[in-house]
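Heads up, the chain below is alone and in the form predicted on its own; it's given as structure tokens.
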């Protein structure tokens, strides 16, 4: 019934758009032209659904911008539906499928069940799931998987090098496998640099609760945390607000590490970011759709292929010697010698 309703909605929308466009006169055929004509190139379309806002300054924004950048590079059209509840995941995807979209981009493992459900009914639509599991791919489903261990380790390198209190903080949205991997490697890498460091962590149970992010960060600051890293989208934005409030207008002594986009300049407390090139990985999926090779694979992103990398430093908060140390540690991580 939901599928029928979505199809009727799509048809009504198409009719409405036609009506708004007005009637167009069709020119008479040119008899001087040959019978054969070139078939216009297909315009591909991709849509993103997201439970956070594309204006959240974090995960939602980075994923949306990645999709748009990839689409621009490959000549695709885009659409999105954001700030939706879990109950609307499947229906939102079905609506785009019925409107003729070629690919659905789902920016998180939490969409996997809905993707599997919808993909079974739409075998000619392709679904790309960011942070999807390695067992998720089918003929029309691909996982996009940035290296969570490397992401956590890069953040841990920054935190282990920057912390003065020997306490670092991590805030997660949900207890997803990728988030847990980031936390484990964040703590491990920091301890590799400074064995005296301890990590305090918490999960918000949400990716949208900015107030919860402020609450958790304030509590961790009271516990002595002076470098933060998060994997919780809008919750991370709340954490940065709490950090900025605590720093006040004086010298900045509590820092935040951004992800997945380069967040330098977004908040005064951001010292650096761990950047995931979502556009690069989404673009690979688009090329697979166009070449007919999509599906049954995981599209990986890591330091080695440039889809995970160290962002720009805040020169006012990170001196040149510290920047060199962090950069050298990250190079060692890439070549497999970090901590050895």
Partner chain sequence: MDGSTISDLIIATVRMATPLLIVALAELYSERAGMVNIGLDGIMAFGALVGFLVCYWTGNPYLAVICAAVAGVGVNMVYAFCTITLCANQIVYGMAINIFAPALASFIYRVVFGVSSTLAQATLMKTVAIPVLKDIPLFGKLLFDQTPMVYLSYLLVIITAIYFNRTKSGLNYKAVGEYPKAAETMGINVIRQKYIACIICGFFAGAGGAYLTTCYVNTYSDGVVAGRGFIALAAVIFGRWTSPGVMMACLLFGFFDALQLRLQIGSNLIPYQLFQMIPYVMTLLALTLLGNKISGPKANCKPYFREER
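Here the structure is a predicted model, which is why all the values come from computation and not from measurement. Positions refer to the first chain, counted from 1.
Although not depicted, the form predicted in complex with its partner chain is the subject of the following passage.
**Q** Could you spot which one of 234, 118, 129, 227 gets a heavy atom to within 4.5 Å of its partner chain in the model of the complex?
**A** Only one listed residue qualifies here, and that residue is 234.
**Q** Among 143, 110, 161, 267, which has at least one heavy atom within 4.5 Å of its partner chain in the model of the complex?
**A** By the 4.5 Å heavy-atom cutoff, the listed residue in contact is 267.
**Q** What stretch, of 135 to 143, 248 to 256, 75 to 83, 121 to 129, brings heavy atoms to within 4.5 Å of its partner chain in the model of the complex?
**A** Of the options, only 75 to 83 has residues within 4.5 Å of the partner.
**Q** Though only this chain appears here, would residue 148 touch its partner chain in the model of the complex if you measure heavy atom gaps against 4.5 Å?
**A** It does not: once its partner chain is placed as it appears in the model of the complex, residue 148 has no heavy atom within 4.5 Å of it.
**Q** Using 4.5 Å between non-hydrogen atoms, is residue 305 touching its partner chain in the model of the complex?
**A** No - in the model of the complex, heavy atoms of residue 305 and its partner chain never come within 4.5 Å of each other.
**Q** Examine residue 192 and determine whether its closest non-hydrogen atom to its partner chain in the model of the complex is within 4.5 angstroms.
**A** No, residue 192 sits far enough from its partner chain in the model of the complex that none of its heavy atoms falls within 4.5 Å.
**Q** Answer for residue 214 alone: is it within 4.5 Å of its partner chain in the model of the complex, judged on heavy atom distances?
**A** Residue 214 belongs to the contact set for its partner chain.
**Q** Should the three residues 64, 201 and 241 be counted as contacting its partner chain in the model of the complex, with contact defined as a heavy atom within 4.5 Å for each?
**A** Each of the three qualifies.
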